[in-house]
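Just one chain follows, in the form predicted alone, and it is written as structure tokens.
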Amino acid sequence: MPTDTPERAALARAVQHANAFLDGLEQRPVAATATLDDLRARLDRPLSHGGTPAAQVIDDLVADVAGGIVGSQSGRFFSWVIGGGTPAAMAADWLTTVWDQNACLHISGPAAAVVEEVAGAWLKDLFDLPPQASFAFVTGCQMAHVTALAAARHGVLRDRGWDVEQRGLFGAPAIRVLANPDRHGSVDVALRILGFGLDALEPLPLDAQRRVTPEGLAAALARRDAPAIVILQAGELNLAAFDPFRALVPIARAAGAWTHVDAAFGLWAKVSPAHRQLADGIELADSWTTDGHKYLNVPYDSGLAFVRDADAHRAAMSLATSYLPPGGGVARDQLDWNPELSRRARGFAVYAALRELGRDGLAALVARTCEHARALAQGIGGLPGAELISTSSLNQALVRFPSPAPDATDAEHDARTDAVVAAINATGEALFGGVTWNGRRAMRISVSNWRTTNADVARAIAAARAVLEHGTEV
């Protein structure tokens, strides 16, 4: 390709800007600094009639979004469970854009189809999931839940003699959904999309560690004979709690219920010898969801769904029509397993990250981030004016900043906590999130970025110490 084409010029500028962005991660604030008004004023340009040279568009875009990019690629981002992008994953994602395959059918992107096939098999092996399980590469855990729970809906109604894909839900046996009450909100959205309705949800009893109890599940299932889906979790958002799968899944199976596990980041505990016991028995379930843009550190969007009953999964998703060539059962057509037809070839970045890290690299990444989370929790939670609420056995923790005022109310403690979190974030040294847990505001610590180092942890603790020593305006 000639060096002076618009394509080459734009891509060259993108490479320069990308390298400058990555090179500046340690110097730039982690939180966004541009205001909403700033960004609107810069980006809301008049749309010209004649267009703009591609390279200039890229230069203008980078200038206009300055200060509006959250530093989630930084090793000092601790706000949500978001990984960065490993070098191979980012590079493969760029190539995914250039190749621009529609990863819907094998015939529309043969390499994209085979890469998903291989990466899916690698992941099942890493997670100790059944080798016969099917899988889907989707946008994130939200659509992974939709995919897996659609398969669950098919399975439990099929067992009651009802074809939901043909007959719909009107008149179908009512499905009970028994769930951990600490579930992520994406589960609720999936249930709404699939037509269950939130009234179908029945919260299950929890023990002191916020785990579903076997006795509670057994009693709930015994109350009524109806098709049932049990939703458990591996890695609750605040404490990273894991339900006791080895005890719970056989109870559900004996009652004819389908067990689905939200394992957005918890499933990755299985790759770490030091943490795999947390997810003991998770492989006994019927479906699982997780994210690649969390612990695997691939670029957004990358969600993964796995289903033990491949027939139920395919029945819930597959499409046959005259303008689509038949796969013939030899090649894997992604549309048989995904809710999308037009879709990005997400498998390339996953494949690249897995090859780059390898088994040992994945295990080390999980172990390292867990150590960083504990160090942050103990380091910040041990400062004068801070209170360590909890640190988990994985990568989450909670710290609170009570008001020093005598006889302070709960509302004043909450306000003080939010103010300290905001002040730490305003330093630019780190980014944490706030959460309401057990009725109290807290700072949530989450670590899943491959870039995080001991130096990043030390900078975040120092920023918290400086804020607590110098005070905040509450």
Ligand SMILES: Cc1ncc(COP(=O)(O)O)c(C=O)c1O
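All residue numbers are counted from 1 along the displayed sequence. Worth saying up front: this structure is predicted, and the values here are computed from it rather than measured.
Omitted from view is the form predicted together with the ligand, to which the following refers.
In the predicted complex, the ligand sits within 4.5 Å of a heavy atom belonging to Gly235. A residue is said to contact a partner when one of its heavy atoms sits within 4.5 Å of a partner heavy atom; Asp243 fails this definition for the ligand in the predicted complex, lying far away. Using a 4.5 angstroms limit between non-hydrogen atoms, His260 is distant from the ligand in the predicted complex.
The closest non-hydrogen atom of Lys294 lies within 4.5 Å of the ligand in the predicted complex. Exactly one of the stretches 166-174, 93-101, 286-294, 341-349 approaches the ligand in the predicted complex with heavy atoms within 4.5 Å, and it is 286-294. This chain appears without its partner; in the predicted complex, the one residue of Ser390, Ser72, Ser403, Ser186 with a heavy atom within 4.5 Å of the ligand is Ser186. Checking Cys141, Leu376, Ala316, Leu149 against the ligand in the predicted complex, a heavy atom within 4.5 Å turns up for just one residue: Cys141. Residues are counted as partner-facing when one of their heavy atoms sits within 4.5 Å of the ligand in the predicted complex; in 250-270 these are Asp262, Ala264, Phe265, in sequence order.
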